[in-house]
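Before any questions on how it binds or moves, here is one chain, the form predicted on its own, in structure tokens.
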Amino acid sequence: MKIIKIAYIGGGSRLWAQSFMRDLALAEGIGGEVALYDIDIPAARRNQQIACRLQALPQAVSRFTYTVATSLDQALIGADFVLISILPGTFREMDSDVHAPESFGIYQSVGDTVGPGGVLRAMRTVPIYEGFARAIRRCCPEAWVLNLTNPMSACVKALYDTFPRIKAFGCCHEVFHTQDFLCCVLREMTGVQAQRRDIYTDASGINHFTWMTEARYQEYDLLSLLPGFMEKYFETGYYEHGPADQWEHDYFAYGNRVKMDLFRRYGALAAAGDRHLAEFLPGAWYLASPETAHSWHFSLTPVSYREQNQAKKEAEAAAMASGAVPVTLAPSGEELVRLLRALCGLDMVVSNVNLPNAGQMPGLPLGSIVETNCVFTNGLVKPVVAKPLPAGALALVQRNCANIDLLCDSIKQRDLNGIFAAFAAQPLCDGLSLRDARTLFDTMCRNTEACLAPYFH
């Protein structure tokens, strides 16, 4: 058995941590320690109690002990792997990110990656990640670092900018959902059943704006099935994880109409949920108003719902930690533990992750953070060179990639003028005058001043 130490930064997480702990309990061939670190220590202690209950279940095959670290260095010293999933700021800051732009006619379905909300979130997050990178360099410079926090590209870039030798990559499950969608296309058009891990997809782009140029299952070219599928389902929409109208009562559901519309126009399949895809494009396309979003079969997720959902998850976690409700083990469908086992030499996995571009993403600058397939095995992460994107799709990706690079470089320099240039250049801000863009930017900075003041004047 491979004995390892995992440091979990954000170990009080109500979502990612519990999925990870379940998958880890079901992982063969590894064991050791998981050190949970969180500024919310009671939340980390709850997850420790839940993890201990999971490890005690008869279905658990791994043997991990869980500890709660009271300092970042304590968690990191001796770590072989570092997992990071944090909420930068509070829901108060997120409320400004998502809803302040609405007074200027800018609507965001997520608000955590690009657009006005993504810029302000990056301003809060990048300095924190600079601190994480310095601590990793000090305490466990050879550790593998797996990032889950958004904005993904900015987080991963901050890690490499601060500690160039770091072994970090960003993990996102949006491509997995699109693979599920393609399995539905295969079933609907041919009657053939397949699982997402059984199909091959060539994915390339940037996080939450990744595109598929090829998708195959055995002798089936899945992208060639899409025109016929769209004739049947474009108007009604089609959701891979439930009924087509689930978006009407589930903020995280969507009808894939944006995805299908982009495929029709650009010849490649955008590989993220419609809620994310719409934010990388001019607002007039899919986000001109809440009604426009509804016509495309997705909704805007209000921060008030996120607050209610977190309160519900906190109550559920407390009940599981205390033993008031049973805990169960089932695979989450996420890739984190599979990648971890592969890096331990126990498997070989091909999966999409975010890394600095070393040539694997044609058409984007070297050093930009890109999302492509990579091979994971025995201490090695090897990017796979992606097929070139069609010119139209590439132009959309290039614009957003340039904005991310400008934003990250300006945050690194604490250059508010450069940050504003990236803010005004967001596709969702296309309809703003420069004066209105400056007013909105200043307003959002003031709204979140408590988080920005330690880093920006």
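The numbering used is simple: start at 1 and walk along the sequence shown. Predicted model, so just to flag it, every value in this text is computed and none were measured.
The form predicted together with a further copy of the same chain exists for this protein as well; it is not shown, and the discussion that follows is about that form.
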task = With a further copy of the same chain left out of view, choose which of K387, R187, H241, K232 has a non-hydrogen atom within 4.5 angstroms of it in the predicted complex.
result = K387
inquiry  = Please tell me which of G78, G333, G379, G105 lies within 4.5 Å of a further copy of the same chain in the predicted complex, judged by heavy atoms.
reply    = G379
ask   = Would a further copy of the same chain in the predicted complex be within 4.5 angstroms of a non-hydrogen atom of every residue among A56, H177 and L440?
value = no
request  = Spell out, yes or no, whether the shortest heavy atom distance between Q360 and a further copy of the same chain in the predicted complex is within 4.5 Å.
outcome  = yes
request  = Give a yes or no for D430: in the predicted complex, does one of its heavy atoms lie within 4.5 Å of a heavy atom belonging to a further copy of the same chain?
outcome  = yes
task = Determine whether any heavy atom of Y217 comes within 4.5 Å of a heavy atom of a further copy of the same chain in the predicted complex, and answer yes or no.
result = yes
ask   = Can any non-hydrogen atom of I39 be found within 4.5 angstroms of a further copy of the same chain in the predicted complex?
value = no
request  = Specify the contacting stretch among 5-13, 21-29, 432-440, 445-453, defined as having any heavy atom within 4.5 Å of a further copy of the same chain in the predicted complex.
outcome  = 432-440
request  = Between 147-175 and a further copy of the same chain in the predicted complex, list the residues on our side with a heavy atom within 4.5 Å.
outcome  = none
